[in-house]
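There is one chain below, alone, in structure tokens, taken in the form predicted on its own.
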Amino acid sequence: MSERFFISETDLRGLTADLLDGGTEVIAPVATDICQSPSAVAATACTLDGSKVEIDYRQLTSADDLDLSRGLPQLSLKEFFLPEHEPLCRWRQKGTTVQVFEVPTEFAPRVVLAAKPCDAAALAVVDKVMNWDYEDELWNGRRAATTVINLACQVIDDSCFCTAVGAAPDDVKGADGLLTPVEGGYVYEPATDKGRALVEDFAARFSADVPADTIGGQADDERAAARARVADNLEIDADSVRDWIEANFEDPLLTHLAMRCNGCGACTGVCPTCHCFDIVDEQEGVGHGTRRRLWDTCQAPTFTLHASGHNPRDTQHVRYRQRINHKFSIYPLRFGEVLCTGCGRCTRVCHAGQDLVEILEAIDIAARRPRDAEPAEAAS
């Protein structure tokens, strides 16, 4: 990225308002104090000082709702491109004749503002499988309609490890532009034609007069510091991890690393790159219904259950091994991409204490150990 523009926070919110006023859907982080909720469940989750803020990507109704704090949304952007459930087609049967009604595969333009770089990168990773042996028209239609603008990340905590899997806290992979906070506003760098079109369409909100101390200065220094912080969390050789998993499918280490998992599937629900789904036909009346795609999880016992009753993954540690195998070996071998962007959500949401940083460290150590060495104690 060589082009740089400056946009003040006032103008960034003004840009958001301009988009909304023009009828463009805007998706962005929104902060909610759940202690203000009337829900008794929410009330029990509040901290002692009476404040617990949660951040989620939402469709904005007002520019005032845009949260620029750079906290990590609870869920990724996945649901806006691969909805939790969606119709694939509708059908009507009369006698032996079946009519199929297609669903729209083109969508109105929309903008994602202040996306986390790990969430945008996930879109580019999943693009590979969505255009493998079949081009998924719904996924591609939403991708084509969406302009994604990242907000450089400060690194949330020690569960973040994006640099270990080829991403970065200031990455533009999967995105069309990058915002980096500086004094008085943001440096904006377009990365694609869609990112440049945003500047052209709303030129009054952007200035080509970028403060001199931000170029090679404040913006770059902050981004370098963030990369260093996340690199301290985890450094692995992803290629060695991939090859070790492929060659050591039955190794006891993989069984040991999976023992805490109880198969709740929370990790796959919050993961930005998990994309498994089921397809069901829902009858909605006599002779008509809808075929739907629904999120599914490889961690569920029924995921691989055959009609015969046989289940090739009949224990939970085998199912968790599949999750690690798929993300860090199978997918990279097929598509040249690790099926993970290091967001750390799976670790944060796991009530059983499965820590993906610890797991990858243990596999990396095993991959670097000489074959004739004594096996080291696995991480627990």
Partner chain sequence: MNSQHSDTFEPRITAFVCNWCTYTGADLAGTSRLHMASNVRIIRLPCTGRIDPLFIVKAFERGADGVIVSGCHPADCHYTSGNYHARRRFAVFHDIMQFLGVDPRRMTFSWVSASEGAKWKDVVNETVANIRELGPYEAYRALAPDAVEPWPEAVDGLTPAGDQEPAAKEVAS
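Since the structure is predicted, the reported quantities are computational estimates derived from the model, not experimental observations. Positions refer to the first chain, counted from 1. Take the two forms, find the largest set of C-alpha atoms that superpose within 1.5 Å, and that set is the rigid core.
We do not show the form predicted in complex with its partner chain, though everything after this point is about it.
K.L.:
Which residue among 107, 202, 277, 91 has a heavy atom within 4.5 angstroms of its partner chain in the predicted complex?
P.N.:
Selected option: 91.
K.L.:
Answer with one of 100, 144, 247, 228: the residue that has a non-hydrogen atom within 4.5 Å of its partner chain in the predicted complex.
P.N.:
Contact with its partner chain in the predicted complex is made by 100 alone.
K.L.:
So if I measure heavy atom distances to its partner chain in the predicted complex, which of the stretches 92-100, 219-227, 148-156, 174-182 falls within 4.5 Å?
P.N.:
Only one stretch qualifies here: 92-100.
K.L.:
Answer with yes or no whether residue 284 is in contact with its partner chain in the predicted complex, where contact means some heavy atom within 4.5 Å.
P.N.:
The answer is yes: residue 284 has a heavy atom within 4.5 Å of its partner chain.
K.L.:
May I ask you to state whether residue 292 is within 4.5 Å of its partner chain in the predicted complex, using heavy atom distances?
P.N.:
Yes, residue 292 is a contact residue.
K.L.:
For residue 196, is any heavy atom within 4.5 Å of its partner chain in the predicted complex, or not?
P.N.:
The answer is no: residue 196 has no heavy atom within 4.5 Å of its partner chain.
K.L.:
Can you tell me whether residue 128 touches its partner chain? I mean in the predicted complex, with a 4.5 angstroms heavy atom cut-off.
P.N.:
It does not: once its partner chain is placed as it appears in the predicted complex, residue 128 has no heavy atom within 4.5 Å of it.
K.L.:
Rigid core superposed, CA of residue 284 - does it shift 2 Å or more between this form and the one not shown?
P.N.:
True for residue 284: a C-alpha shift of 2 Å or more.
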